[in-house]
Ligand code: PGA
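Only one chain is given next, in structure tokens, and it is the form predicted on its own.
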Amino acid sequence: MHVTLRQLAVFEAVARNGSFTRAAEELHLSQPAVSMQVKQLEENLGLPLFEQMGKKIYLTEAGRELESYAVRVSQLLDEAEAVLEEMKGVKRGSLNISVATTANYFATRLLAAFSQRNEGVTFSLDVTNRETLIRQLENNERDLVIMGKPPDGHDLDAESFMDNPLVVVAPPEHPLTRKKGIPLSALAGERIVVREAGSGTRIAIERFFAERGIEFAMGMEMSSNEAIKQAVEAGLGLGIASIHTLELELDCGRLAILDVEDFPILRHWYIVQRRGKRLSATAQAFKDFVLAEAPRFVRLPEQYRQSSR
């Protein structure tokens, strides 16, 4: 079988994008050049890899088989590149990181500090939801991921590096802001603004209330932390959010943390990688940096600083 790495790379891009045009844009090639590479690959293999139905293209059975091998070849080449970069040391290299949307409030500070110490390192940062983070880890698409505790059974290595307290927030003028030791049952009569189903924060909140036999009235479901904060500020309900997302609002007095019994809900931040993945020198240095120094780059109210160390 006479197949070139270039043909495999072009084929994998077309298969992943489901389009010759988008693959050409990604690879900075003309569409005819992409089509020619795929045609030559099909001729070498003696089998069609794509079939067209209407305006869409689909992988044939042979195409689906080849795609899995093409992805593995690409990953092996990336690993080889990482090993060679490791020989050069941390002064050069690249780092592909993904972080949960909530973690982005401090992750950019971490990357900035690490970059200042290692000026030759380049970064790719993806800020996304929990479902996508897990998929990226399963597909070995990123060097490292920062997220809440990953689910079991996904062949991952995760190390906790910092607490992540979830607190109840309200507008400053809300009557409960003047009370101390608010019983948890008091929240049963309040509308709660929460993250979407499936998010790590939402899972933790639902488990917390279920364990205590308390039902909470969900006021609104939001897909971002910013939307939750804005909804609470507007008086649409109380919010439950990571304290790491609240720095600006607390400093400006736009939100207040309520003193509710059994709160905060204590979660943790983890730095995660595929089990058995060989990290480059750059990725390992960043992981060590996060484990050793992350809490220094988080700004919290005084009563929460101790728990983050």
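For every residue, the number given is its place in the sequence shown, counted from 1. None of the values given here were measured: they were computed from a predicted structure.
Note that the form predicted in complex with 2-phosphoglycolic acid isn't included here; everything after this is about it.
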Counting only non-hydrogen atoms, the one stretch of 182 to 190, 153 to 161, 97 to 105, 226 to 234 within 4.5 angstroms of 2-phosphoglycolic acid in the predicted complex is 97 to 105
Answer with yes or no whether Arg130 is in contact with 2-phosphoglycolic acid in the predicted complex, where contact means some heavy atom within 4.5 Å. yes
Any of the heavy atoms of His244 lying within 4.5 Å of 2-phosphoglycolic acid in the predicted complex? no
How about Gly200: is it within 4.5 Å of 2-phosphoglycolic acid in the predicted complex, going by heavy atoms? yes
Is Arg267 a contact residue for 2-phosphoglycolic acid in the predicted complex, using a 4.5 Å heavy atom cut-off? yes
Relative to 2-phosphoglycolic acid in the predicted complex, which residues of 181 to 196 have a heavy atom no more than 4.5 Å away? Arg195
